[in-house]
Structure formats: structure tokens, C-alpha cells
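Take a look at this one chain, the form predicted on its own, written out in C-alpha cells.
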Amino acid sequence: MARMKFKSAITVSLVKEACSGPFVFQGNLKRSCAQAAKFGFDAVEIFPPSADALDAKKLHLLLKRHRLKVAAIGTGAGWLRHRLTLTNPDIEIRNQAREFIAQIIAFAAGFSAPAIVGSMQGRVEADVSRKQAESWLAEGLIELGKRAGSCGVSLLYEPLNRYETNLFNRAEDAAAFLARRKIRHVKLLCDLFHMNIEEASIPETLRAVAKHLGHIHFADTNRRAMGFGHLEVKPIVEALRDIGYDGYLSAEVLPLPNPEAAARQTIRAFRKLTND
């Protein structure tokens, strides 16, 4: 039986407010794509200020030149810049959040790529019941999932660790929520950094949510490039092979000790782990 082939991706942030975040390349898409190609990545995962901050024609040409794909496009700027979330008590803010994400979905679909909902999910606010917050989240994901499906792509929902949200921290809980609420065209983004904090066993969790899995953030325990921390990653790769995952392992990691070193270590770890 042929082994599943994983694909490598690396993050590029164009959001100045995210300069201290876990993005390997920052600020210059042209240079970042050239760097990604130089190191041998298959794709870039882009975090733009908004959908209209990207030029589709120029990006297509840039990707073609460097033989790259778009792995996913993030929506985090909606939170960082505008404080928009799908669970804000203010209906106008929730509507603005949906529209911001919808525009990213439409743009990403032009590259056959999913959009990511991470920080824009929000949290259960102090004066809001959990039931109400979950209902708002479900309403948003149902609508946005339909939009993604109509564009021929999926939407990615990312469970975050307890220090970033109090909605869903564990992947199995998030998968159960998607199933219970009958949320279609929405897959899970499982981030190994968050999972290391929240899951008893990352490999077993990945097996449990296999039918919901859409994307992997390939990060070590300290949010640095894989191999710069102490995550036991071989059993994770074995689990991904067991469930037939053939998607991206995308490096959403800190650019430490510098972007080039982080990129080099990531692709080295990717190749060793996926070839062993």
C-alpha cells in the first residue's frame, strides 16, 4: 500500500499588528514566496489584513513563478485590527465578523484554498451564557460553511488552547460540536502547539477526529520550528498516515532564531519525518 504524501507549507503574515506572532515570514509577500520556494516548501499560508489587501492576479503570477500553492488564508486580522468575533454580544459586530470572513473565503476559493477561523471565533464573555455563545458560533459557522461549500472549498475551524479562548480547547469537543450542530463544509484545523497543551494524547485525538480533520499546524511545544522543542512527533505522523491524511503540515511558528533558520529547520524536520 502506498504511503500517504503530506504537503509542506509555511506561514506569511502581512499584518503589522502580528509582528510578534507565530509567522515565519512577514511583511513582503513577493520576498516570502521566493524564500518559501528556495527552502522547498509546497505552499504558503497567508495572513492578510483583509481580502481586498491582496491582488489575486499578482498572487497567481507569483505562485506560478515559484511553483507554490496556497495552503490556507487566515482571518486573524479581523480580530487583531478590528476586534471582530463571531461570538460578540453585539449583533452588528457579529455581522461584520461574518462579512470579513466571507470575503476571505471568496478570495481563498480562487486558489482552491480554505479560510481559517481561529481568533475570530471569540470567547464566552462574562455576561453571556455558554449556551448563547455556542449558538452564535454555530450560526456563524453554518452560514460561512455554506458560503465555503458554494465556492467548492472548506472552512477551517481551529480549537485554541485555554489561554486564548474558553469555547473549544480540545479537538474532540470541537468535532462533536460540528456534528451536533450539523455544521457542513467546516473542517478542523488541529494545531500541534495547542494540542500539546490540551490533549492527553495527540495521536489518539487525531485518530478520533479523522473524518473532521482538514489541516495541521506543524509547530513544536514552544511554538518554534519542529525540532526546536520537545514534541514527540513520530507517533503523530504515524497517526496521520493511519487515518489517510494527505493535507498540509503548515509551519505556524515563531521566526526564531531568525526566519531563515526557522524555515530551514521546519523543512528539514518535515522531510525527515515524512520520509522515515
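From a predicted model like this one, the values you see are computed outputs, not experimental measurements. So that there is no doubt, residue numbering starts at 1 and follows the sequence shown.
We do not show the form predicted together with L-Erythrulose (LER), though everything after this point is about it.
Trainee: Taking L-Erythrulose (LER) as it sits in the predicted complex, is residue 160 near enough to touch it, meaning that at least one heavy atom pair lies within 4.5 angstroms?
Mentor: Residue 160: yes, in contact with L-Erythrulose (LER) in the predicted complex.
Trainee: Even though the partner isn't displayed, in the predicted complex is residue 255 close enough to L-Erythrulose (LER), meaning a heavy atom within 4.5 Å?
Mentor: It does not: once L-Erythrulose (LER) is placed as it appears in the predicted complex, residue 255 has no heavy atom within 4.5 Å of it.
Trainee: Does L-Erythrulose (LER) come within 4.5 Å of any heavy atom of residue 224 in the predicted complex?
Mentor: No, residue 224 sits far enough from L-Erythrulose (LER) in the predicted complex that none of its heavy atoms falls within 4.5 Å.
Trainee: Indicate whether residue 198 is a 4.5 Å heavy atom neighbour of L-Erythrulose (LER) in the predicted complex.
Mentor: Residue 198: no, not in contact with L-Erythrulose (LER) in the predicted complex.
Trainee: Within 4.5 Å, heavy atoms only, one stretch in 145-153, 125-133, 189-197, 88-96 touches L-Erythrulose (LER) in the predicted complex. Which?
Mentor: Correct option: 189-197.
Trainee: Pick from 164, 139, 204, 172: which residue has any heavy atom within 4.5 angstroms of L-Erythrulose (LER) in the predicted complex?
Mentor: So the residue touching L-Erythrulose (LER) in the predicted complex, by this definition, is 164.
Trainee: Note that L-Erythrulose (LER) is not shown here; using its position in the predicted complex, name the residues of 9-25 with a heavy atom within 4.5 Å of it, in sequence order.
Mentor: Counting only heavy atoms within 4.5 Å of L-Erythrulose (LER) in the predicted complex, the single contacting residue of 9-25 is 22.
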